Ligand code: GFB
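One chain comes next, on its own, written as C-alpha coordinates: the form predicted on its own.
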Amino acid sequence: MNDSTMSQRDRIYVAGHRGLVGSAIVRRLRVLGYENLIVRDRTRLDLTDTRAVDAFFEETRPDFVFLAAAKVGGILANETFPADFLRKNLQIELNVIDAAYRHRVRKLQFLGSSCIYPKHAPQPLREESLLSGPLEPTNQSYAVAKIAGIHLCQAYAQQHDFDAIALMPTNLYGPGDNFHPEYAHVVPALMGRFHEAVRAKADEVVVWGTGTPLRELLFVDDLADAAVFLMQHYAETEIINVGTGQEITIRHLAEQIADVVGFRGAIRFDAAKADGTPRKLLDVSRITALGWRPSTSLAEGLRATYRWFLEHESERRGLQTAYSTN
(Lines give C-alpha, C1' and ligand atoms only; values in the text may rest on other atoms or scores of the structure.)
Protein backbone atom coordinates (compact mmCIF):
# COMPACT_ATOMS: atom_id res chain seq x y z
CA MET A 1 0.00 0.00 0.00
CA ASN A 2 1.05 3.62 -0.50
CA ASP A 3 1.84 6.11 2.24
CA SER A 4 -1.58 7.02 3.65
CA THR A 5 -0.60 9.91 5.90
CA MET A 6 -2.31 13.14 4.85
CA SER A 7 -0.34 16.37 5.09
CA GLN A 8 -1.43 19.99 4.78
CA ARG A 9 0.00 20.06 1.25
CA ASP A 10 -2.02 17.14 -0.08
CA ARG A 11 -4.89 17.59 -2.51
CA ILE A 12 -8.03 16.11 -0.96
CA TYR A 13 -11.18 15.48 -2.98
CA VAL A 14 -14.45 15.22 -1.05
CA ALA A 15 -17.09 13.70 -3.33
CA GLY A 16 -20.55 14.73 -2.15
CA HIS A 17 -19.37 17.87 -0.34
CA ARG A 18 -22.85 19.41 -0.21
CA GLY A 19 -24.51 16.36 1.30
CA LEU A 20 -24.89 15.53 4.97
CA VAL A 21 -21.66 13.52 5.32
CA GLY A 22 -19.54 15.31 2.74
CA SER A 23 -20.22 18.77 4.16
CA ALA A 24 -19.31 17.53 7.64
CA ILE A 25 -16.04 16.04 6.35
CA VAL A 26 -15.19 19.36 4.68
CA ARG A 27 -15.91 21.20 7.96
CA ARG A 28 -13.70 18.79 9.90
CA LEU A 29 -10.82 18.97 7.43
CA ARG A 30 -10.87 22.77 7.50
CA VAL A 31 -10.90 22.84 11.29
CA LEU A 32 -7.80 20.64 11.21
CA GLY A 33 -6.05 22.99 8.79
CA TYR A 34 -6.48 21.12 5.50
CA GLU A 35 -7.13 23.88 2.98
CA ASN A 36 -6.15 22.21 -0.31
CA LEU A 37 -9.62 20.73 -0.75
CA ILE A 38 -11.18 19.84 -4.10
CA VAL A 39 -14.95 19.99 -4.46
CA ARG A 40 -17.38 20.03 -7.36
CA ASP A 41 -21.15 20.35 -7.22
CA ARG A 42 -23.42 18.38 -9.53
CA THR A 43 -23.71 21.24 -12.02
CA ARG A 44 -19.96 21.01 -12.66
CA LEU A 45 -19.40 17.26 -12.32
CA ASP A 46 -21.91 14.45 -12.82
CA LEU A 47 -20.40 11.46 -11.02
CA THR A 48 -22.56 9.06 -13.05
CA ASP A 49 -20.76 10.25 -16.21
CA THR A 50 -17.67 8.05 -16.71
CA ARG A 51 -15.88 10.38 -19.12
CA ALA A 52 -16.52 13.45 -17.00
CA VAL A 53 -15.18 11.73 -13.88
CA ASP A 54 -12.07 10.55 -15.69
CA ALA A 55 -11.41 14.06 -17.04
CA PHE A 56 -11.89 15.52 -13.58
CA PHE A 57 -9.29 13.19 -12.03
CA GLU A 58 -6.90 13.86 -14.93
CA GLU A 59 -7.22 17.60 -14.31
CA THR A 60 -7.16 17.77 -10.50
CA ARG A 61 -4.93 14.81 -9.54
CA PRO A 62 -6.12 14.40 -5.94
CA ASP A 63 -3.91 12.59 -3.43
CA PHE A 64 -6.78 11.46 -1.18
CA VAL A 65 -10.48 10.85 -1.86
CA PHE A 66 -13.43 10.75 0.54
CA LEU A 67 -16.24 9.10 -1.43
CA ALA A 68 -19.29 10.41 0.41
CA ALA A 69 -21.46 10.91 -2.68
CA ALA A 70 -24.52 8.70 -3.02
CA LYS A 71 -28.21 8.65 -3.74
CA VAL A 72 -29.76 8.28 -0.29
CA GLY A 73 -33.19 8.38 1.30
CA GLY A 74 -35.56 6.84 3.83
CA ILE A 75 -37.91 3.86 3.60
CA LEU A 76 -40.43 5.51 1.26
CA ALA A 77 -37.78 6.77 -1.14
CA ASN A 78 -36.10 3.36 -1.28
CA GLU A 79 -39.41 1.59 -1.96
CA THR A 80 -40.47 4.15 -4.58
CA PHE A 81 -37.22 4.45 -6.58
CA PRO A 82 -35.36 1.10 -6.30
CA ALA A 83 -33.93 1.22 -9.83
CA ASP A 84 -32.59 4.75 -9.30
CA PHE A 85 -30.93 3.77 -6.02
CA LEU A 86 -29.24 0.78 -7.62
CA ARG A 87 -28.19 2.32 -10.93
CA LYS A 88 -26.95 5.70 -9.75
CA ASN A 89 -24.99 4.38 -6.77
CA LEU A 90 -23.33 1.68 -8.88
CA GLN A 91 -22.34 4.28 -11.48
CA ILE A 92 -20.92 6.68 -8.90
CA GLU A 93 -18.91 3.99 -7.11
CA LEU A 94 -17.42 2.42 -10.20
CA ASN A 95 -16.55 5.73 -11.84
CA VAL A 96 -14.87 7.27 -8.80
CA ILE A 97 -13.05 4.18 -7.48
CA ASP A 98 -11.73 3.19 -10.90
CA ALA A 99 -10.63 6.74 -11.78
CA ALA A 100 -8.96 7.13 -8.38
CA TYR A 101 -6.92 3.98 -8.96
CA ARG A 102 -5.96 4.83 -12.54
CA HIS A 103 -4.92 8.39 -11.62
CA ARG A 104 -2.76 7.21 -8.72
CA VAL A 105 -4.77 8.47 -5.76
CA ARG A 106 -2.80 7.45 -2.66
CA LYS A 107 -5.85 6.46 -0.61
CA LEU A 108 -9.62 6.35 -1.03
CA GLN A 109 -12.27 6.07 1.65
CA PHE A 110 -15.71 4.70 0.79
CA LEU A 111 -18.80 5.26 2.94
CA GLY A 112 -20.96 2.20 3.40
CA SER A 113 -23.94 2.09 5.78
CA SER A 114 -25.15 0.01 8.70
CA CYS A 115 -28.48 -0.49 6.90
CA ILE A 116 -26.84 -2.89 4.45
CA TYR A 117 -26.24 -5.55 7.11
CA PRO A 118 -28.65 -8.52 7.02
CA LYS A 119 -32.03 -7.77 8.58
CA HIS A 120 -31.77 -10.47 11.25
CA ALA A 121 -28.01 -10.52 11.86
CA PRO A 122 -26.98 -11.01 15.52
CA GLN A 123 -26.83 -7.78 17.52
CA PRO A 124 -24.66 -5.82 18.02
CA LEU A 125 -23.71 -6.02 14.35
CA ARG A 126 -20.14 -7.19 13.78
CA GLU A 127 -18.27 -6.44 10.58
CA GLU A 128 -18.16 -10.12 9.59
CA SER A 129 -21.98 -10.25 9.54
CA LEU A 130 -22.10 -8.56 6.13
CA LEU A 131 -23.70 -10.89 3.55
CA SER A 132 -24.50 -13.51 6.20
CA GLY A 133 -28.27 -13.38 5.60
CA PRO A 134 -31.16 -11.74 3.71
CA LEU A 135 -31.20 -7.95 3.40
CA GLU A 136 -33.90 -5.61 4.72
CA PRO A 137 -36.48 -5.55 1.86
CA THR A 138 -37.30 -1.85 2.26
CA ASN A 139 -33.81 -0.73 1.16
CA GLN A 140 -32.54 -3.74 -0.77
CA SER A 141 -31.46 -1.89 -3.94
CA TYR A 142 -29.46 0.68 -1.99
CA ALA A 143 -27.85 -2.10 0.06
CA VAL A 144 -26.85 -4.12 -3.01
CA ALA A 145 -25.21 -1.05 -4.53
CA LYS A 146 -23.32 -0.21 -1.35
CA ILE A 147 -22.14 -3.80 -0.94
CA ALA A 148 -20.85 -3.64 -4.51
CA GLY A 149 -18.91 -0.48 -3.62
CA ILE A 150 -17.29 -2.22 -0.67
CA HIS A 151 -16.31 -5.16 -2.85
CA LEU A 152 -14.91 -2.80 -5.47
CA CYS A 153 -12.60 -1.33 -2.82
CA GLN A 154 -11.54 -4.79 -1.70
CA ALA A 155 -11.06 -6.07 -5.25
CA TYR A 156 -8.92 -3.10 -6.29
CA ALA A 157 -6.86 -3.55 -3.13
CA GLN A 158 -6.38 -7.24 -3.82
CA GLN A 159 -5.65 -7.02 -7.53
CA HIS A 160 -3.93 -3.63 -7.79
CA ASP A 161 -2.64 -2.97 -4.24
CA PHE A 162 -4.86 0.14 -4.20
CA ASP A 163 -5.26 1.64 -0.73
CA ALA A 164 -9.06 1.75 -0.35
CA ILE A 165 -10.94 1.45 2.93
CA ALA A 166 -14.67 1.18 3.65
CA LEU A 167 -16.49 2.62 6.67
CA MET A 168 -19.85 1.38 7.97
CA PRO A 169 -21.51 4.35 9.73
CA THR A 170 -24.62 3.89 11.81
CA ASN A 171 -27.72 6.09 11.37
CA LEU A 172 -26.54 9.67 10.89
CA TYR A 173 -28.17 13.03 11.55
CA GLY A 174 -27.09 16.65 11.88
CA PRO A 175 -26.63 19.96 10.04
CA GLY A 176 -27.20 19.69 6.31
CA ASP A 177 -29.59 16.75 6.58
CA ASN A 178 -32.42 16.13 4.12
CA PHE A 179 -35.68 17.33 5.70
CA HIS A 180 -37.98 16.31 2.85
CA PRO A 181 -41.32 15.36 4.48
CA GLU A 182 -41.56 12.08 2.49
CA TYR A 183 -37.98 11.02 1.74
CA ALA A 184 -36.04 11.98 4.89
CA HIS A 185 -34.44 9.61 7.40
CA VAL A 186 -35.89 9.21 10.87
CA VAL A 187 -34.40 12.19 12.78
CA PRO A 188 -35.00 14.93 10.16
CA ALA A 189 -38.38 13.42 9.25
CA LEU A 190 -39.57 13.54 12.84
CA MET A 191 -38.01 16.95 13.46
CA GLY A 192 -39.72 18.44 10.43
CA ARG A 193 -43.04 16.85 11.35
CA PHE A 194 -43.00 18.15 14.91
CA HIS A 195 -41.87 21.59 13.73
CA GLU A 196 -44.81 21.84 11.33
CA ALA A 197 -47.15 20.63 14.07
CA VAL A 198 -45.98 23.43 16.37
CA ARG A 199 -46.51 25.99 13.62
CA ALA A 200 -49.97 24.63 12.87
CA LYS A 201 -50.81 24.35 16.60
CA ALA A 202 -51.73 20.71 16.02
CA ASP A 203 -52.87 18.53 18.90
CA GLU A 204 -51.36 15.32 17.53
CA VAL A 205 -48.47 14.01 15.42
CA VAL A 206 -48.63 10.60 13.75
CA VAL A 207 -45.38 8.61 13.58
CA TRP A 208 -44.93 5.66 11.24
CA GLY A 209 -44.68 2.19 12.79
CA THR A 210 -45.07 0.85 16.29
CA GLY A 211 -42.34 2.93 17.92
CA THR A 212 -40.59 -0.21 19.18
CA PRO A 213 -37.63 -0.54 16.74
CA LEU A 214 -34.25 0.31 18.24
CA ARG A 215 -31.85 2.67 16.50
CA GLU A 216 -28.29 3.82 17.07
CA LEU A 217 -27.72 7.46 16.10
CA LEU A 218 -24.44 9.26 15.39
CA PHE A 219 -24.05 13.02 15.02
CA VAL A 220 -22.61 13.63 11.56
CA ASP A 221 -19.72 15.79 12.80
CA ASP A 222 -18.60 12.86 14.93
CA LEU A 223 -18.71 10.68 11.83
CA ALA A 224 -16.57 13.24 10.00
CA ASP A 225 -14.05 13.16 12.84
CA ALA A 226 -13.95 9.36 12.59
CA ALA A 227 -13.57 9.52 8.80
CA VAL A 228 -10.49 11.72 9.03
CA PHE A 229 -9.12 9.61 11.90
CA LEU A 230 -9.52 6.39 9.91
CA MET A 231 -8.04 7.91 6.77
CA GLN A 232 -4.91 8.47 8.83
CA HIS A 233 -4.90 5.35 11.00
CA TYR A 234 -6.70 2.51 9.17
CA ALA A 235 -5.48 0.62 6.11
CA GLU A 236 -7.22 -2.76 6.26
CA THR A 237 -9.43 -4.16 3.51
CA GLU A 238 -12.03 -5.27 6.07
CA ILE A 239 -14.91 -2.88 6.67
CA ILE A 240 -14.99 -1.02 9.98
CA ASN A 241 -18.05 0.08 11.95
CA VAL A 242 -18.47 3.67 13.12
CA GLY A 243 -21.11 4.39 15.75
CA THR A 244 -21.84 5.08 19.39
CA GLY A 245 -22.60 1.58 20.63
CA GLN A 246 -25.81 2.93 22.23
CA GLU A 247 -29.43 2.65 21.08
CA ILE A 248 -32.85 4.20 21.59
CA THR A 249 -36.41 3.20 20.63
CA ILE A 250 -38.18 5.21 17.94
CA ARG A 251 -40.80 6.07 20.57
CA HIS A 252 -38.25 7.61 22.94
CA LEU A 253 -36.47 9.31 20.05
CA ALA A 254 -39.75 10.90 18.95
CA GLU A 255 -40.35 12.11 22.51
CA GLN A 256 -36.86 13.66 22.69
CA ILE A 257 -37.27 15.42 19.35
CA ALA A 258 -40.73 16.68 20.33
CA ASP A 259 -39.18 18.16 23.47
CA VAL A 260 -36.36 19.86 21.52
CA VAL A 261 -38.83 21.34 19.02
CA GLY A 262 -41.33 22.34 21.70
CA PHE A 263 -44.26 20.16 20.65
CA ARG A 264 -46.54 19.46 23.62
CA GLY A 265 -49.35 17.50 21.92
CA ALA A 266 -49.97 13.77 21.64
CA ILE A 267 -47.76 11.37 19.68
CA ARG A 268 -49.65 8.53 17.97
CA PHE A 269 -47.93 5.56 16.32
CA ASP A 270 -49.42 4.09 13.15
CA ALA A 271 -48.72 0.36 13.41
CA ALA A 272 -50.04 -0.18 9.87
CA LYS A 273 -46.88 1.47 8.49
CA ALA A 274 -43.59 -0.42 8.10
CA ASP A 275 -41.16 -0.44 11.01
CA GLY A 276 -38.13 -1.39 8.94
CA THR A 277 -35.33 -3.32 10.64
CA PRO A 278 -36.38 -4.16 14.23
CA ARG A 279 -32.98 -3.39 15.75
CA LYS A 280 -29.73 -2.00 14.42
CA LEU A 281 -26.82 -1.58 16.81
CA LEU A 282 -23.19 -1.69 15.73
CA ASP A 283 -20.35 -3.45 17.47
CA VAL A 284 -17.81 -0.63 17.60
CA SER A 285 -15.06 -2.53 19.41
CA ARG A 286 -12.72 -2.39 16.41
CA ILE A 287 -12.70 1.41 16.07
CA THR A 288 -12.71 1.84 19.84
CA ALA A 289 -9.56 -0.27 20.03
CA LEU A 290 -7.91 2.13 17.58
CA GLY A 291 -8.58 4.99 20.02
CA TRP A 292 -11.62 6.75 18.57
CA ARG A 293 -14.90 7.54 20.35
CA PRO A 294 -17.74 9.98 19.55
CA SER A 295 -17.93 13.17 21.58
CA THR A 296 -21.51 14.45 21.01
CA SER A 297 -24.44 13.23 23.11
CA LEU A 298 -27.81 12.62 21.45
CA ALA A 299 -29.36 15.56 23.32
CA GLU A 300 -26.57 17.90 22.20
CA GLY A 301 -26.76 16.64 18.63
CA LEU A 302 -30.53 17.05 18.39
CA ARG A 303 -30.34 20.62 19.70
CA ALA A 304 -27.55 21.49 17.23
CA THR A 305 -29.52 19.95 14.37
CA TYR A 306 -32.67 21.90 15.21
CA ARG A 307 -30.68 25.15 15.47
CA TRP A 308 -29.37 24.51 11.97
CA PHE A 309 -32.89 23.66 10.79
CA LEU A 310 -34.21 27.01 12.05
CA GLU A 311 -31.25 29.01 10.73
CA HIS A 312 -31.68 27.53 7.24
CA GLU A 313 -35.45 27.31 7.08
CA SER A 314 -35.72 29.69 4.15
CA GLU A 315 -33.20 27.77 2.05
CA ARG A 316 -33.56 24.18 3.22
CA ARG A 317 -36.13 23.43 0.51
CA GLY A 318 -33.18 23.32 -1.88
CA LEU A 319 -31.57 20.63 0.26
CA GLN A 320 -34.66 18.41 0.26
CA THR A 321 -33.39 15.90 -2.25
CA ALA A 322 -32.59 12.23 -2.13
CA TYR A 323 -29.65 12.74 -4.50
CA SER A 324 -26.67 14.01 -2.49
CA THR A 325 -23.85 13.85 -5.03
CA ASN A 326 -23.58 17.67 -5.13
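Quick note: we count residues from 1 along the sequence shown, nothing fancier. Fair warning: this is a prediction, and the values are worked out from it, not measured in the lab.
This protein has a second form, the form predicted together with this ligand, left out of what is shown; the following refers to that one.
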Taking the shortest heavy atom distance, is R215 within 4.5 Å of this ligand in the predicted bound form? yes
Considering non-hydrogen atoms and a 4.5 Å limit, does this ligand approach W208 in the predicted bound form? yes
Taking the shortest heavy atom distance, is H185 within 4.5 Å of this ligand in the predicted bound form? yes
Answer for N171 alone: is it within 4.5 Å of this ligand in the predicted bound form, judged on heavy atom distances? yes
Could you check which residue among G73, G176, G149, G192 gets a heavy atom within 4.5 Å of this ligand in the predicted bound form? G73
This ligand in the predicted bound form has a heavy atom of only one listed residue within 4.5 Å, and of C115, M231, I239, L130 that residue is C115
Picking from 57 to 65, 272 to 280, 29 to 37, 287 to 295, which part of the chain touches this ligand in the predicted bound form when contact means heavy atoms within 4.5 Å? 272 to 280
Heavy atom distance at most 4.5 Å to this ligand in the predicted bound form, all of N78, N139 and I250: yes
